[in-house]
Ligand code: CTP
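The data below hold one chain only, encoded as structure tokens and taken in the form predicted alone.
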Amino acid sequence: MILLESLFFILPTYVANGCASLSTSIPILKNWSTPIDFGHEWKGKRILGDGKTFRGILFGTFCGILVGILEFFIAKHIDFQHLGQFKDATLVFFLKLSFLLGFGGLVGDLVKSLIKRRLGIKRGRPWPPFDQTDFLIGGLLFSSLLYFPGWTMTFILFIMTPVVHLFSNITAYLLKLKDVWW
């Protein structure tokens, strides 16, 4: 049961991370494709790169919040052992938490990209285990401003997230939504 509760808790982060990549296929967001670093360099290297856009941050965060709204209604009908207070939580709580989880996850990914550029690792190249945990770390750090799920669930999330990440990336690759399987 704690695996499902862990997935329920972190789902806005997972969805935000995945939807940020999918935002390129949303025509209405075309004008938001400006890179967050505006194409600037730092010591001869791009700060973040073309793949980190305002479109991705906005769409990813929005999708994470939508998941949080859905979770609010689901939580009213589920008896959680480890997330007990979720049953009585308000919609405002779920909106705040899902924003922090989604936006925090995307900020974690931005920080990882900044470090990769400093280390000379090109955009799109793998950097395990950070590619699989950057968004988790960001989501947990930001969400802890409002709610911390406990050390047991945090440990489970660090075990579960690389598996979920790999599975979702392979699925996206097979569906031709990604160019690489990692």
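These figures come from a predicted structure and were not determined experimentally. We number the residues from 1 along the sequence you see.
Absent from the display: the form predicted in complex with cytidine-5'-triphosphate. The rest refers to it.
Worksheet item: cytidine-5'-triphosphate in the predicted bound form: within 4.5 Å of a heavy atom of each of 82, 96 and 152?
Response: Looking in the predicted bound form, the three residues 82, 96 and 152 all stay beyond 4.5 Å of cytidine-5'-triphosphate (heavy atoms).
Discussion item. Using a 4.5 angstroms cut-off on non-hydrogen atoms, would residue 15 count as touching cytidine-5'-triphosphate in the predicted bound form?
Written reply: Contact check for residue 15: no, nothing within 4.5 Å of cytidine-5'-triphosphate in the predicted bound form.
Worksheet item: Does any heavy atom of residue 37 come within 4.5 Å of a heavy atom of cytidine-5'-triphosphate in the predicted bound form?
Response: Residue-level check for residue 37: no, no contact with cytidine-5'-triphosphate.
Discussion item. When the contact criterion is heavy atoms within 4.5 Å, does residue 43 count as touching cytidine-5'-triphosphate in the predicted bound form?
Written reply: Close contact is absent here: in the predicted bound form, residue 43 is far from cytidine-5'-triphosphate, nothing within 4.5 Å, heavy atoms only.
Item to complete: Evaluate residue 63 for contact with cytidine-5'-triphosphate in the predicted bound form, applying a 4.5 angstroms cut-off between non-hydrogen atoms, and reply yes or no.
Response: Although cytidine-5'-triphosphate is absent here, residue 63 would stay clear of it in the predicted bound form, with no heavy atoms inside 4.5 Å.
Practice prompt. Would you point out which of 136 to 144, 66 to 74, 153 to 161, 121 to 129 contains residues with a non-hydrogen atom within 4.5 Å of cytidine-5'-triphosphate in the predicted bound form?
Written response: Residues of 121 to 129 come within 4.5 Å of the partner.
Worksheet entry | Contacts with cytidine-5'-triphosphate in the predicted bound form, stretch 39 to 65 (heavy atom within 4.5 Å) | Heavy-atom contacts within 4.5 Å come from 48, 51, 52, 53, 55, 56, 57.
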